[in-house]
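Have a look below at one chain only, the form predicted alone, in structure tokens format.
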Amino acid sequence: MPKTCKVSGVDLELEERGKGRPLLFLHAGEGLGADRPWLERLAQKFRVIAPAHPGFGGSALPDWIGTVEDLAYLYLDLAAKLELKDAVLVGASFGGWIAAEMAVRNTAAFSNIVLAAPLGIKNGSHTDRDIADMHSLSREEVVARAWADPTKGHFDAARFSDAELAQIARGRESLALFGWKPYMHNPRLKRWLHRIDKPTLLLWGDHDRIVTPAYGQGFVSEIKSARLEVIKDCGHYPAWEQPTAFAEHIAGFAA
């Protein structure tokens, strides 16, 4: 069951499971999700700590938090509060952007970093679309771009209670707050990726058309000792679409 942890004055909802080496998991812009197959797989090898970002799930969103840089400092404070050592930092999509912002600032608590189809950087010119505009596309178009098997991304509102639907809507509003302009990236982040001084794995689905594996080369080219691995038959959300392969790649890399 989720619990609440107060960090720097912010009430964060945390899901924690498993034992052993700590792994801090930062979720994608879709939230932690009702189904969390990745959590079960990772918890077989790690003590997984998965907070809901401010404005998502049951986490508060105070009015003084409004940028991804704020989230990065907040989670660095969380790592300090939990006294994390030799931890694995995993960020997926939007969470990968947050993890990268953390890592250019301070990696003391972490020994391995995994960025799964992260957003956050600009590779092309101002006229190039590096990241699919998920807010302007229809739900059907987003699902087609984000999933190798679009049937897995079908959203059935009838499955959720009114309270759960309200949380989903709140999460989407929060994602827009953090990544609306400039769209889902920090123009300065790529310049500082060289500061990431821990082994880094870029994980990508071969069918990802939100940000393609080619986009990931922008991270690999700037981060020392970084490498990119591709998961077959997978789109933008490997933690959900291929959870077993996702967990195996992380466990193998962290070992």
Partner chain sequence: MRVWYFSEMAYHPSWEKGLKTGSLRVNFPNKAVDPHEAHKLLHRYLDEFRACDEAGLDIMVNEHHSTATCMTVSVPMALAIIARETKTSRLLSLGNPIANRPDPVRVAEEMAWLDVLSGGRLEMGLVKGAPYEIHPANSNPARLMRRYWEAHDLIVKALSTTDGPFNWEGEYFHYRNVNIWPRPIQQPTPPIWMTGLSVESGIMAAERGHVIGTLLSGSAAGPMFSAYRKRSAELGRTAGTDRFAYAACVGVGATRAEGYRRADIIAEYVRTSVVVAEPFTNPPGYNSVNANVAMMKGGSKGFVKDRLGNPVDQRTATLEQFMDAGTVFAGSPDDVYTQIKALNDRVGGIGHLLFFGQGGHLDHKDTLENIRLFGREVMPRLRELNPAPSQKQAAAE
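Since the structure is predicted, the reported quantities are computational estimates derived from the model, not experimental observations. Positions refer to the first chain, counted from 1.
There is also a form predicted together with its partner chain; it is not shown, and the following applies to it.
> State the residue from 81, 152, 135, 105 whose non-hydrogen atoms include one within 4.5 Å of its partner chain in the predicted complex.
Checking each option against its partner chain in the predicted complex, the one that comes within 4.5 Å is 135.
> So, in the predicted complex, is residue 213 in contact with its partner chain at a 4.5 angstroms heavy atom limit?
Contact with its partner chain, no.
> Give a yes or no for residue 66: in the predicted complex, does one of its heavy atoms lie within 4.5 Å of a heavy atom belonging to its partner chain?
Residue 66: yes, in contact with its partner chain in the predicted complex.
> Against its partner chain in the predicted complex, would residue 139 count as a contact residue? Criterion: heavy atoms within 4.5 Å.
Close contact exists here: in the predicted complex, residue 139 approaches its partner chain to within 4.5 Å, heavy atoms only.
> Although its partner chain is absent from this view, report whether residue 173 comes within 4.5 Å of it in the predicted complex, heavy atoms only.
Residue 173: contacts its partner chain in the predicted complex.
> Three residues, 34, 232 and 247; all within 4.5 Å of its partner chain in the predicted complex via heavy atoms?
No: no residue has a heavy atom within 4.5 Å of the partner.
> Mind telling me which stretch in 120 to 128, 155 to 163, 83 to 91, 107 to 115 gets its heavy atoms within 4.5 Å of its partner chain in the predicted complex?
Among the candidates, contact is made by 155 to 163.
> Given a 4.5 Å distance limit between heavy atoms, list every residue of 90 to 108 close to its partner chain in the predicted complex, or none if there are none.
Contacts from 90 to 108: none.
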